[in-house]
Structures are given as structure tokens and as C-alpha cells.
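Next comes just one chain, in C-alpha cells: the form predicted alone.
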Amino acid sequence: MAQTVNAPTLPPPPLSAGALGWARENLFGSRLSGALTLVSAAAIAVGLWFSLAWIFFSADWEVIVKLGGRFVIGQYNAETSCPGQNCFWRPQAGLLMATALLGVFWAITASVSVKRAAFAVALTSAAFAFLPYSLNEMGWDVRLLLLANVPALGAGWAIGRHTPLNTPSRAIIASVGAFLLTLLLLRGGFLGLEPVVVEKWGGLMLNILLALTGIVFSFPLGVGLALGRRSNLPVLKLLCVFFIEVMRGMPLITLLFMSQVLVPLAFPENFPLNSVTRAAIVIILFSAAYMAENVRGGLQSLHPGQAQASRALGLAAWQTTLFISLPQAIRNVIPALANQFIALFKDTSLVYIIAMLDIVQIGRAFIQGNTEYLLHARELFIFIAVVFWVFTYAMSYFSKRLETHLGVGQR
């Protein structure tokens, strides 16, 4: 009786597996594909050659070094803004709370993406402590507060693992509380803290605060407007439609000008509504209108059989909306919501037109006031563009990871 001998398993051909196989399939799958690959590679190589040559040999980045911390906090720590005190520790305290909260979310979610973000924020913040400034420009107190972001990350992780703050809902509530506490610290005026008028807030700190405020408040408002637009109550539906269409029909810069010029005419001179608060309200309302349409699109994408099934089970209308329709709708429009948040963050740069000292206005004002750096405006605005790109890419990356985790677009 003959024995059956299994033939040895042969490896795949060298040109069909690994990097060579991927390149053959995606870059050189046909003559046209190969030609386009070579032309694109040549164009990229030439662009990199001239770009890197300019960056390392021709560009003068002294203007970035000269501005230094003003890019981050503007004139917040100047003597005219915070007389008699060193107020730099206040935004630093907000950064420490943010780093600790990232550690909390890392411990709760055990997500690789959150872990990477937490380490990136902590290590990047700590790295700024080693900038070669003199002690007059960056003292030991500032350097130690920056270095403290590393132990703050560890402390946040321990809090997320071993304290009652170990659920997502509690961590989110703590995040909102930390944000409000940061605003109180920045404003001052209590416990012996020198008050700093919000008009003196500036730099990247102002862009981040406006973006966070817009995201946090425009999202629930947009959801409410979307539900109101789909309501069966005629008056409520009409009001929501009117608000959404009016807000979407006007440019943001027009609304910002109106908030600074027309709104103060409707209130007394001593009414406590400063320009930054007015700009934040406008950004929230403007973003909420677009958010409402995104959420409404998600609600319309759901099959009506789900609502019918929930009614058959005896669920009330609000229970169907809150527990069945809305979670699925938001999940379906995560890419659109992420795009809206990215646009919102970039739109905060428009406040420079109404004389707020955000990161763009800080750069413009410095160039206009120091004409010896006028020839290096390219370096300045390229740096600002890179800063915005880093933040927007991070938001896009985490949106993509969230889509993958939730299975958006998969059946």
C-alpha cells in the first residue's frame, strides 16, 4: 500500500509578497501606473530638495525664537495684564489638568490611541522645559511646571485605575469641571489672584479655549436643533428651521463683526459681556447650525422600521429617540462631526479680524511692530500653519480611530 506524502509548502513568489509585492500591485500594476509613479516620485523628490534646502539653509527662524511663549499665551503674563504677579502658572495648571485627564482616559479605555496622545502631550510639554532660554526669559518655575506634565500623566493613570473616577461618564464630568476651573484660574479675581481681563488672553491658548467652548456647547445645541427641526410641533419646527437657515446663510466673519459692533448697542455700557464671550457665543451658535444638519442627516439615514419596532415594544417617543435613534445617528455621522470640529478649530483664527490676539494676530502684530523681521514673515506664517496642521491632523486621526472602533461604514 503506497503512502501519501504531503508536498512541502512553497513560499510565495518574491515579487508577489511583502513590500515588493505591494509596490508591484499598487505602484507598478500597469504601464500607466508605473509612469505616474515615476513622475510623482520625481516631483516629490524635487519639492523635498528645494523645501529642505530652504528650511535648513536659507530660512531664518529667529522670529519664532523671539516670540517664544507669546505664541502660546499672548500678552497674558505681561506686566500690563497681570501686574505684580507671575500669572504664567495659571495656563500651566490648566495644561497639567489636561495631561492628568488624558491619563485617566488612558486607564479607563486601555486604548492605544489615547495612550499615544497622552504620552505625546506629556512628553512634548516636558520637552519645552529644555529650550535654551535664559533664566530671565524662562525661569525654573516655568521649567518645573512643564516637566511636571510627566508625573501628572502617571498620577492621572493611577486615579483612573484606583479611584471612583474610573468610568467614562465620571471622567467626562471631571473634564468639564477641569475646563471651568481653568477658565476661573485664567480670569482670576478670587483668593488673592490678580484678575486678568479676557481681552488680554491670546495666543494659541485663546484658539484652543474658543474651539473647546464651541465644541462642548455647540454639540448638544446642534442635537437639540436637529430634533426640533424634525418635531411635529409647527412653531418649534419653524423656529429651528429659521435659526439654522439664517446662521448657515451668513459668513462667520459677518457675525463676529455684528457681535462686536451691534450687540453692545443693545446693552448698557457696564453690562458684563466682554468681547471674547461675545465671540465665543457667535462661534457656538454658528457651529450649532451646521451640527444640526449633520445630526439630522444621521437621523434620516436610519430605517423607519427601528422606530416602529421600538413602539411595538412599548417605548415612549423620547426613549426611542434617546436610546435607539440618536446613538445610531451620531455614530453614522462621526466623519461629518469630526470635519465640523476641525473647521471650527480653524475658524477660531478669524477672531484676529476683530482685534483679538490669537496666534495669527500675535504673529501679525509682531511683524508690523518690528519691521526688521518683515522679510521673515514667511517663516512665521509657515510655523503657524504647521501648528494648526498638527492639531487638525490629531483630530482627524482620533476620528478615524473612533470610526474603526465603532465599525462606521461596516455592516
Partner chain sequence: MAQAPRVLTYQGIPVWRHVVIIQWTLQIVSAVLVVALVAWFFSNIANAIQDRNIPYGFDFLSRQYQTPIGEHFIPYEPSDTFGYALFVAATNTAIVAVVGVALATALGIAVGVARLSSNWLVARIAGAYVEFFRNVPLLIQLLFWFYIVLSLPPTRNTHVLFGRAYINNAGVSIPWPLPTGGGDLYSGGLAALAPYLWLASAAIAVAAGFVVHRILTRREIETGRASYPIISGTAAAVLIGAVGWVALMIVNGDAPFAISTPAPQGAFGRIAGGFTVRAGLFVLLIGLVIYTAAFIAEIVRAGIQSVRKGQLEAARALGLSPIGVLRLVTFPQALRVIVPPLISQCLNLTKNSSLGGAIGYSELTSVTITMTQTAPAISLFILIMASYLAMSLAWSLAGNLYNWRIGFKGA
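Positions refer to the first chain, counted from 1. The shown structure was predicted, so the numbers you read here are calculated from the model rather than taken from an experiment. Think of the rigid core as the biggest set of C-alphas that the two forms share within 1.5 Å after superposition.
The same protein also has a form predicted in complex with the partner chain, omitted here; what follows describes it.
In the predicted complex, at least one heavy atom of residue 232 sits within 4.5 Å of a heavy atom of the partner chain.
By the criterion of a heavy atom within 4.5 Å, residue 64 is excluded from the residues contacting the partner chain in the predicted complex.
Although the partner is absent from this view, residue 392 contacts the partner chain in the predicted complex, with a non-hydrogen atom inside 4.5 angstroms. Though the partner is left out of this view, residue 239 does reach within 4.5 Å of the partner chain in the predicted complex, counting heavy atoms only.
Of the candidate stretches 145 to 153, 260 to 268, 96 to 104, 71 to 79, only 260 to 268 has residues with heavy atoms within 4.5 Å of the partner chain in the predicted complex. Proximity to the partner chain in the predicted complex, defined as a heavy atom within 4.5 Å, singles out one entry of 46, 52, 355, 36, which is 36. Residues of 381 to 395 lying near the partner chain in the predicted complex, listed in sequence order, are 381, 382, 384, 385, 388, 389, 392, 393, the criterion being any heavy atom within 4.5 Å. Relative to the superposed core, residue 27 shifts its CA atom by 2 Å or more between this form and the one not shown.
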